[in-house]
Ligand SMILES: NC(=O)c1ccc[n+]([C@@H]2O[C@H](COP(=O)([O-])OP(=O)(O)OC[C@H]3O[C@@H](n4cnc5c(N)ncnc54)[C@H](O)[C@@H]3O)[C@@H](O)[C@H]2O)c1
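Consider the single chain below, provided in structure tokens and representing the form predicted on its own.
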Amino acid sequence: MTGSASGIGAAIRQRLLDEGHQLLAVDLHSADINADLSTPAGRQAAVDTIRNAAGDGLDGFVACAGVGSHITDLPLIAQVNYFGAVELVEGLRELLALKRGAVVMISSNSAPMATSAAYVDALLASDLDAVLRALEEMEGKTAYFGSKQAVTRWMRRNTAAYASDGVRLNAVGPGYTETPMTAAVADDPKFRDGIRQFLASIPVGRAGQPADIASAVSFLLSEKASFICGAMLFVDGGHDAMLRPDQF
């Protein structure tokens, strides 16, 4: 898995370890494999190291590494959230096929929200120059939405091809979840009031916890989900249903 050091990723890591799985954790620091997923070289280094460590195959992979909408370096959002997920799944496809493994990509319930179509199309085409041009006209929020929409669309587009290799692709769409990353946004005076209003609107009446997302990921990786393939599972306290009641 990637993004194991804190927040949702740390909860997923602990859940899988508690269930008795052997785990290779990838993060920028303090992980089994330290790699910078914001660069092509870092992504390839992570893939190569995983291949060397797990040459007999992988039972699963969780693409969790990501940065939030408060990041001012917008290309970093695209590099980590999209390319840091997709390129690792692509690079590990053969290892996953060896054991008919399952992939869970961490998307967001913001993935369906309005963003730049040109930006999303450029991500899906792996056209970095076009991605950078699109980002010049964007802000952090829409860059984040678009990165997660592209991840989810990539997952859907590739579901059948990977399934033919015995690999199930799915995604989880967390809603507002209390993590160090969301705390940084909530503490920003520019976003504080908006975050409070957003929290108050969650239908189940509370914010998500990292353990909520970890439970969903564990399920999708398991044999209990063996017929679930190509799904986007919203784990958001009912927010997506409230905001998009007629779309599913």
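Just so it is clear, the model here is predicted, and its values are computed rather than measured. All residue numbers are counted from 1 along the displayed sequence.
If you look for the form predicted together with this ligand, you will not find it shown, but the lines that follow are about it.
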(message) Taking this ligand in the predicted bound form, would P75, V120 and G140 all count as contacting it (heavy atom within 4.5 Å)?
(response) no
(request) Have a look at G55, G194, P40, P180 for me and say which one sits with a heavy atom within 4.5 Å of this ligand in the predicted bound form. (result) P180
(request) Find the only residue in V185, I50, V67, L220 having a heavy atom within 4.5 Å of this ligand in the predicted bound form. (result) V67
(message) My question is simply whether D212 lines the interface with this ligand in the predicted bound form - judged by any non-hydrogen atom within 4.5 Å.
(response) no
(message) Taking this ligand as it sits in the predicted bound form, is V80 near enough to touch it, meaning that at least one heavy atom pair lies within 4.5 angstroms?
(response) yes
(message) Using a 4.5 angstroms cut-off on non-hydrogen atoms, would H29 count as touching this ligand in the predicted bound form?
(response) yes
(message) I'd like to know if L243 sits close to this ligand in the predicted bound form, meaning any non-hydrogen atom pair within 4.5 angstroms.
(response) no
(message) Within 4.5 angstroms, counting heavy atoms, which one of the listed stretches 99 to 107, 122 to 130, 158 to 166, 86 to 94 is next to this ligand in the predicted bound form?
(response) 99 to 107
